[in-house]
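Here are two versions of the same chain, shown separately as structure tokens and labelled structure 1 and structure 2.
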Structure 1
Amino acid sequence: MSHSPMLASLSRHKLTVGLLVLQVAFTCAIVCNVASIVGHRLAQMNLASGVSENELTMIQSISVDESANQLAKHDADLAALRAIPGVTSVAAVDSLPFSGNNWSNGIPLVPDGPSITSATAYSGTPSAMHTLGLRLVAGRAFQPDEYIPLDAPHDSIGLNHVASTIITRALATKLFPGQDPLGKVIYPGEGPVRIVGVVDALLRPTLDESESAGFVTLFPMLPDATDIIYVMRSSPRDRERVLKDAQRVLAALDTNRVLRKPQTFSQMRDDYFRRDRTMISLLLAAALGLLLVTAAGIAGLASFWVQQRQRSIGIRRAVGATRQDILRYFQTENLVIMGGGVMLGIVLAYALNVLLMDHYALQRLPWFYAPMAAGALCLLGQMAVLGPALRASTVPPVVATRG
């Protein structure tokens, strides 16, 4: 009842109110989707890699001499690296999470059967699991006699002869939901490979948009390509020195090689997500800008209306309305406009989401984003209108007699 004059007053400003509702709706739609994109990217950035990130440093070595026995060279390099003060463990691996160098195989459960999913294959020297700090949650580690060469020069055919594997918990759940994966057999190559252990988590070298970020198989294969990554584990504060020493030691052992990307694991992770960080800061800036512009618009219009209605406010006060009533009037009016705006906005948010999913392979908008953005916008509206509404409530009744 007390709101009917408000509706009448709003209907006299159809155009202005309509514009405000539209603006709130678009803001709501864009902010919802921006929040969802930011949320998704943040979730990816916060995925645990599964390795002891703050203790690892890496250096890539590429031998120019292909005829040499690479395994022997790697052993010599590893021995020299292990002697660096502060290094507690070293290993040679073919790839790492975030390194970008991904070797994946389809994983069938029967010979020549259909692949359940594809999984990254990592191989490394026997010390790799300990060096990386992988956490075995079931089964056992590889035994020394299980290791065979990867045979990289011949299309990595070691995969066809390897007998055992350790897989991640994520892959185990995908392949054998609700079952014990230990002792089960998979066929990533031509022959059967028995699962002997499960590690807690390990990410793939590249992350994509799907659920498969943690689908990894570890094989007891010695990397024998000319291109190898040495991983050194040390206490976090020794990392920079260890990297310098490692470069010096490796360069002294053999000059016929290229040393690339000496870096800590944290640096590699930072590099991998650099673009996402830029994108996130841009998106946040845009969303913040939108909210500020909308809030400023609401406050501007509200204060304009308060000025315009000075006389009618005075009259209302004169016939008995309290300051509270005036305050509440402007707050309710704002809520009505914002409510209309966010309702339209939620519809637009889903429409925009469908459009974005078509064009940019984005995720579906999680359901709770829309009500959250709607609530936030209504709150923002209330904050924006508070100043003008308080000013309105101080209009003295005597204004009614002027004119």
Structure 2
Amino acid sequence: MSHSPMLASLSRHKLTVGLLVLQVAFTCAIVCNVASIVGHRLAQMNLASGVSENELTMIQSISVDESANQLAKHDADLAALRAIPGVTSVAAVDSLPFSGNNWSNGIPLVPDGPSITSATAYSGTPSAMHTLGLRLVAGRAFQPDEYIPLDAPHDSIGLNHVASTIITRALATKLFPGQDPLGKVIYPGEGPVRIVGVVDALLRPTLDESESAGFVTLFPMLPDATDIIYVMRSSPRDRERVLKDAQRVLAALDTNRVLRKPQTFSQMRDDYFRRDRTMISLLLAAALGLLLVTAAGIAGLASFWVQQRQRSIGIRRAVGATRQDILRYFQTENLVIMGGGVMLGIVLAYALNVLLMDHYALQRLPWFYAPMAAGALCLLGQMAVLGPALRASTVPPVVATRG
């Protein structure tokens, strides 16, 4: 079928066609970036934390008495929590994945050298790795004589005196790509720290748009601050009971404390991503509304053109055009308009993505979102024009004889 009549027809409606092309282009650009943002957030929400999520409960204890020996108080608390029926392991930690309490530092590989990346620094009592369910994939755990007090009242100066660290596989790959990290030295503080072990995965307390979600270091430093998190491991069915017993036990041991955020790890994860779920819902609703408006615009314009072209359609039928020819004509015409719109839309999508990266630190738009959005919009256009095209194909040849 020759496309010259089609192009001539479109050229007589430059303004209408141009507006529709712009509508499709803006829809394509917005849908591309919405899909990218939603896809990235969903991927974050499904990241493995690296801990035994369905077995953990935690409670934050804030001591009012700052003059007391915090290490001794923590030991007494841990002993009491360990005695609760159903608790298989308990530990005191300074932070956890999704807790929001992030202490991170740069990781140079030479003294006073440039930082390769930043990593979260976790610390905890010797039972922390077992309690959290971390999986050691290389090296060893910390030895008892390697632990030192965190010395939080003095600006975490303990970090300058640790001799060993355990890092995540993700951080090991970043620092030493293609190499065995065991025995390598890093400089998170003033002195050298040797890598003695590698765990499979552990997420940071807060996640961002970068690739560093799994960049974590573990240090053998005993938390000695007045603000501490107690983590208890038990079977999933015992978690709620263990949490209630823990509150009762800790309150009885020391009335000069405040107990905050008693919850399971699953609840903490759910709370952390609550805003993300709301944002995803709003973005999807906005994108769906934009697609519906675009589809309505395509269908409305096609219906108008069918009404305006009744006589020309009848003439084509009279000279031998079949119903399939008429249907194909309108669908091809729509495909030309949609094609121009999505090509311009892909350019706008990457321009919008650059703007979002500059102002909101979002990730780069993956290449495959552009063809996916283009294909989806072209399919939407074909579906939207199908009804008017079918009505056009039913126009009888006798219409050509009418005035």
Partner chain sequence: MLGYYATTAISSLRRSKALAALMVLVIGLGIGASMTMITIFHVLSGDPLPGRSDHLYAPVIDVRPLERERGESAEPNGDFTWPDAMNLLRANRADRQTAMSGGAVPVRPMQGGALPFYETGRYVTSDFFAMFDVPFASGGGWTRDDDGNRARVVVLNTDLARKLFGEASPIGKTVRLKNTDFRVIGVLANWHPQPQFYAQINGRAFGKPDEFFLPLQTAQGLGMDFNGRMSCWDGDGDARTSNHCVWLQYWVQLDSTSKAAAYRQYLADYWRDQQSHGRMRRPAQPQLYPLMSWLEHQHAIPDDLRLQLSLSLGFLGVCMLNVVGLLLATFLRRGGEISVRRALGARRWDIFLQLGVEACVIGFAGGALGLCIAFLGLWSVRQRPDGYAQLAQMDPSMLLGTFALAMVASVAAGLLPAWRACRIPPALQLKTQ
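Take the two forms, find the largest set of C-alpha atoms that superpose within 1.5 Å, and that set is the rigid core. Source: prediction; values computed, not measured. For residue numbers, the reference is structure 1: its sequence is counted from 1.
- Structure 1, not structure 2, represents the form predicted together with the partner chain.
- When the chain is split into two rigid parts to describe its motion between structure 1 and structure 2, T264 and L288 fall into separate parts.
- Two rigid parts make up the chain, and between structure 1 and structure 2 the smaller of them rotates against the larger by 12 degrees on C-alpha superposition.
- Here the two forms are laid over each other by their core, and the C-alpha of A29 is off by 2.8 Å between structure 1 and structure 2.
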